[in-house]
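So this first bit is one chain, no partners, the form predicted alone, shown in structure tokens.
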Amino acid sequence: MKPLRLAIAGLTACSGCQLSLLNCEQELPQMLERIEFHFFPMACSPAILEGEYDATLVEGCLSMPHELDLLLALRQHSRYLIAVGTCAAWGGVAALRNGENREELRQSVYGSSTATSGSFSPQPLHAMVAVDAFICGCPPEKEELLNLIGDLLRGALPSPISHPVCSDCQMRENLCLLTERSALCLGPLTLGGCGARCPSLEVPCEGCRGPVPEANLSEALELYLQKGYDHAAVLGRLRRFCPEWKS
């Protein structure tokens, strides 16, 4: 069977999503029997774009012109382009201050340095190119990345997740932190698939995986209001990872 020709790139991000894949120590040797990493700057050198790719995994959002050039090149030469992680899918924490003056923000951090000249407000990948699939999470679960590789080896894309974190909580028989403890838990509005990692440790869901499809925001906001949280507080929390949330 022909090996899977794979590219993995990181844009504006913390590299945690790529590390999640590299942390699959037991599975990586088996992967390398079926996969050729032809462009993976974080793990392989030299990193040279050449030829066509069966799939490209991209971590991070876009905030620099050279990142956009790289993304366009990868899109052009890849059968599938997959956004990996919340920054790639929704903008993530890098986009928290998109509503503010970009030049003022740049100068407050970098001063007179021209190192970041030309930077623009961070954007998710889908704002610039067509994205074939999304693997959300900050970072994604290792199992999700392994399942993604397995799907690609079969020539398929992963099935999209459509359930909220609340469903994961119910499967694990967790106490509901929102209804029972009046905690600001974003599980009803957040995409599941993490196995309710945080609520299982009695930590309220922070919404790091982005919005669940067709979320009933208005009804959820009424529930949060009953628990003492106004709309601004809830929306502000939701937009920490997904600035695209609308009121």
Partner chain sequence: MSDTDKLDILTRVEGHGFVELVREGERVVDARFHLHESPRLFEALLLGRRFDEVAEIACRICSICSTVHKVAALQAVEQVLDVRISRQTRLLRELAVEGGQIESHALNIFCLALPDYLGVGGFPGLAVVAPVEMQLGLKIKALGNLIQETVGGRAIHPFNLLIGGLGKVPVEDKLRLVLDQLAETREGAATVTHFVSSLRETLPLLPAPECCAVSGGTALFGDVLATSCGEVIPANAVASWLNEQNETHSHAKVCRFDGEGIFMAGPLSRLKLLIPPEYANSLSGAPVSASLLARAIELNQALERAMAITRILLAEGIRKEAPPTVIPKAGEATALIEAPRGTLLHSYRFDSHGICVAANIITPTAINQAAMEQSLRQLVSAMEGADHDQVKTACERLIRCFDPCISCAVH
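Positions refer to the first chain, counted from 1. Please read these numbers as outputs of a predicted model, since none were measured by experiment.
Missing here is the form predicted in complex with its partner chain; even so, the following discussion is about that form.
- Contact with its partner chain in the predicted bound form, judged as any non-hydrogen atom within 4.5 angstroms, is confined among 110-118, 126-134, 163-171, 147-155 to 110-118.
- Contact with its partner chain in the predicted bound form holds for none of Leu71, Gly195 and Leu217, as no heavy atom of theirs lies within 4.5 Å.
- Taking non-hydrogen atoms only, Leu81 never approaches its partner chain to within 4.5 angstroms in the predicted bound form.
- In the predicted bound form, at least one heavy atom of Ser63 sits within 4.5 Å of a heavy atom of its partner chain.
- In the predicted bound form, at least one heavy atom of Ser15 sits within 4.5 Å of a heavy atom of its partner chain.
- Though the partner is left out of this view, Asp54 does not reach within 4.5 Å of its partner chain in the predicted bound form, counting heavy atoms only.
- Residues of 2-24 that come within 4.5 Å of its partner chain in the predicted bound form, judged by any heavy atom, are Gly10, Leu11, Thr12, Ala13, Cys14, Ser15, Gly16, Leu19, Ser20, Leu22, Asn23 in sequence order.
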